[in-house]
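As a starting point, one isolated chain is supplied in structure tokens, in the form predicted on its own.
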Amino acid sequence: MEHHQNSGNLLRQGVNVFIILAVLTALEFAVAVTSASMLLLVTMAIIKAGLVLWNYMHVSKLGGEDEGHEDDRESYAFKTETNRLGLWLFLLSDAFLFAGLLVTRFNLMGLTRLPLNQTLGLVVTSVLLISSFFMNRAEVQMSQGNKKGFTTNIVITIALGVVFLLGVLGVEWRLAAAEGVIASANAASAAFYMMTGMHAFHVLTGVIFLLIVLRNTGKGLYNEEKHWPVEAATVYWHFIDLVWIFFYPALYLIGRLM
């Protein structure tokens, strides 16, 4: 009873976090088209990142003991803690790559930005935020042993990930090229394609990861007590969202048009 009550609290918490993220994203867009205050935009991005890290990516679990932990190197709990640390070390190394791309963007463009479609930027950002909401629900459903609910939510997450990819690679790149933003034109344009392309690659790998988890769920490999791969896929997916939280204002909102 207590386990399901905790899961219910996690679902409500996920909804609350999503609402705050949605409001902050709308405020970012409003600030960009009015005052264009870089300080406000950066502050809101940091707040959003903190919410995702703490509530969706299980930062609180790092260094903590899982319920029923045994002092046994062959125990599932021990292996989960070890794998969790390994995953975060990988994400940390990956974060340096994206941080380097952000530095490159500001080094090349300063407080200017490329003529990108603002509305489309808001749409694809919203799609990714919504996908994180459903990914969080999928993980909670698995922790409750509700495999049907898990399957429904992870399928929605995968679909939204594909929509994001189509929006960026299929629509945004074409519209950007029509505005003269071509990789061979200048270094700033090349940085745009590098940033969005590298992020899209991670979204693609995330979609593949989720498809593998979905297939393995159908084989009965996970249950409410043992589902580390589901947690890993969830954290990775939210990491992708976390990166875009900074890429979105950096590419679409900050600075005047070049």
Partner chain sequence: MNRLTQPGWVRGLLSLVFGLALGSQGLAFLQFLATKTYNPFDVGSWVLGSVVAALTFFAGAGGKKVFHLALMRGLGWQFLGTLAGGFLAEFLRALLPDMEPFGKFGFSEPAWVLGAIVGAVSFLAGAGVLTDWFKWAKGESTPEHHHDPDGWEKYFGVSLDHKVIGVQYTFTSLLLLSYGGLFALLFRTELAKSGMQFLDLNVYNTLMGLHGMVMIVSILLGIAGVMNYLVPLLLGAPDMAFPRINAFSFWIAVPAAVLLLSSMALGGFDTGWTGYPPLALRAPVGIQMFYVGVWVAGWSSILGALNLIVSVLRLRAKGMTAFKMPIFVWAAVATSIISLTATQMIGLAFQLVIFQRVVGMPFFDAAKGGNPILFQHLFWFYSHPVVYVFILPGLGIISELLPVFLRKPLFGYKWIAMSSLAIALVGFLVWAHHMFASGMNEYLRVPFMYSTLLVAVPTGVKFFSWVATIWQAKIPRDMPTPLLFVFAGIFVFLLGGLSGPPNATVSTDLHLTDTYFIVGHFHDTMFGGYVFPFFAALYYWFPKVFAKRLDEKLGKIHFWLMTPSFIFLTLGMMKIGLLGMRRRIADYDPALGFDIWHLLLTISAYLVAASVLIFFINVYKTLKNGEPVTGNVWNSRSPEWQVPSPMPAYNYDRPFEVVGEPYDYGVPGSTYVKM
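Numbering follows the first chain given and starts at 1. Source: prediction; values computed, not measured.
Form predicted in complex with its partner chain: not shown, discussed below.
Of the residues 155, 85, 178, 166, just one reaches its partner chain in the predicted complex with a heavy atom at 4.5 Å or closer; this is 85. Contact with its partner chain in the predicted complex, judged by any heavy atom within 4.5 Å, is made by just one of 101, 123, 130, 114: 101. Proximity of 16, 20 and 45 to its partner chain in the predicted complex is absent: no residue of the three has a non-hydrogen atom within 4.5 angstroms. Of the stretches 114 to 122, 181 to 189, 140 to 148, 155 to 163, only 181 to 189 has residues with a heavy atom within 4.5 Å of its partner chain in the predicted complex. Not displayed here, its partner chain is kept clear of residue 205 by more than 4.5 Å at the level of heavy atoms in the predicted complex. In the predicted complex, residue 29 stays away from its partner chain, with no heavy atom inside 4.5 Å. In the predicted complex, its partner chain stays beyond 4.5 Å of every heavy atom belonging to residue 134. Taking the partner from elsewhere, residue 194 is found to have a heavy atom lying within 4.5 Å of its partner chain in the predicted complex.
Residues 191, 193, 194, 198, 212, 215, 216, 219 are the ones in 191 to 219 with at least one heavy atom within 4.5 Å of its partner chain in the predicted complex, listed in sequence order.
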